[in-house]
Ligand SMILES: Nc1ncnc2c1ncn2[C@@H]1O[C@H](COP(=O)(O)OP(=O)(O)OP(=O)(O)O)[C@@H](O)[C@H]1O
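One chain comes next, on its own, written out as structure tokens in the form predicted on its own.
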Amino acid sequence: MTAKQADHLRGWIEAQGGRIREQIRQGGSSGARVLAITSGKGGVGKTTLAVNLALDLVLKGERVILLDADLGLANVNILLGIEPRHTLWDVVEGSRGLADIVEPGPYGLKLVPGASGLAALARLDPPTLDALVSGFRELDRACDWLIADTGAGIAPGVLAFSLAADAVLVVTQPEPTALTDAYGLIKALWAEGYTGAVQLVVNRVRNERQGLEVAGRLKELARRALGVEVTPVGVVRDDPAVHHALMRQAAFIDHQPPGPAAQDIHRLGDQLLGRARPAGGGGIRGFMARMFDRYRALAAEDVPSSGEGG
């Protein structure tokens, strides 16, 4: 095969991939995939992972909306170096529509900025709630993925977003306290009847072997004690480039050449793209409807919190 033929073939494959992706968008009725990224405790790198994973999916040709769903410490915009004009609070108050608050991010990523202290969600009257949920219908048409970066712990706001999602990605670290809190979060989801996919990423590991060993222990504990199947989907190695990127308010996947963490995020993105789409998720609108229902119920039960922030 000549170089010219190879270029032609590569272009044809890319065109076919785009055509097939567009057919899925036009014909699929289930809407966007909704992934909640959460953790049992703060400080494990959850938000940094969420931002870089979202950008990796965008660079792979996916349309992604990143929702800052941390009701205690909304800070995704800080990591992206974005000063939002409006936040989700403006939508709840009714002063702005959902489309008005979406901020453009790097490479075409879209950000829905969060706001701290959204306990008012539990007190919305039915017409306001219906209008807010309906506003997410337009987002379904604009993306393939909604990634919700939740708070940490088992507060009502954290559990509500996780329980409503198509899949949950639990982020932890090798330290005993982080693993204990990750297990506590998984147990809380199980106690609330969550039946979706629980996926696990072990962050800041020395090497892949350490990450796989840690993930295997947590997976076995959840299976034996709860009967819950946890699926390890990746590890992210400790990497100085992550700290340097944080200081610059930039993505570490942009570091050239790609460091260990960027390589691991790239593999994690491939893993997620290769997983089957959940059936009957209802897209973003269905997710938000379930989330509000869950949040109201959990707030009424006064579920205890084990911390906020990520």
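Quantities reported herein were computed from a predicted structural model and do not represent experimental measurements. Start at 1 and count along the sequence shown; that's the residue number.
The same protein has a further form, the form predicted together with the ligand, not shown here; the description that follows concerns it.
Asks: Within a 4.5 Å heavy atom cut-off, is Leu246 in contact with the ligand in the predicted bound form?
Replies: Yes.
Asks: Applying a 4.5 Å heavy atom distance criterion, does Ser162 contact the ligand in the predicted bound form?
Replies: Ser162: no, not in contact with the ligand in the predicted bound form.
Asks: For Val44, is any heavy atom within 4.5 Å of the ligand in the predicted bound form, or not?
Replies: Although the ligand is absent here, Val44 would touch it in the predicted bound form, with heavy atoms inside 4.5 Å.
Asks: Can you work out whether Ala152 and the ligand are in contact in the predicted bound form, taking contact to mean some heavy atom pair no more than 4.5 Å apart?
Replies: Judged by the heavy-atom cut-off of 4.5 Å, Ala152 is in contact with the ligand in the predicted bound form.
Asks: To verify the annotation, which of these, His86, Lys219, Arg237, Lys187, has a non-hydrogen atom within 4.5 Å of the ligand in the predicted bound form?
Replies: Exactly one residue meets the criterion: Arg237.
Asks: Would you mind picking out the stretch of 94-102, 229-237, 207-215, 136-144 that comes within 4.5 angstroms of the ligand in the predicted bound form, counting non-hydrogen atoms?
Replies: Selected stretch: 229-237.
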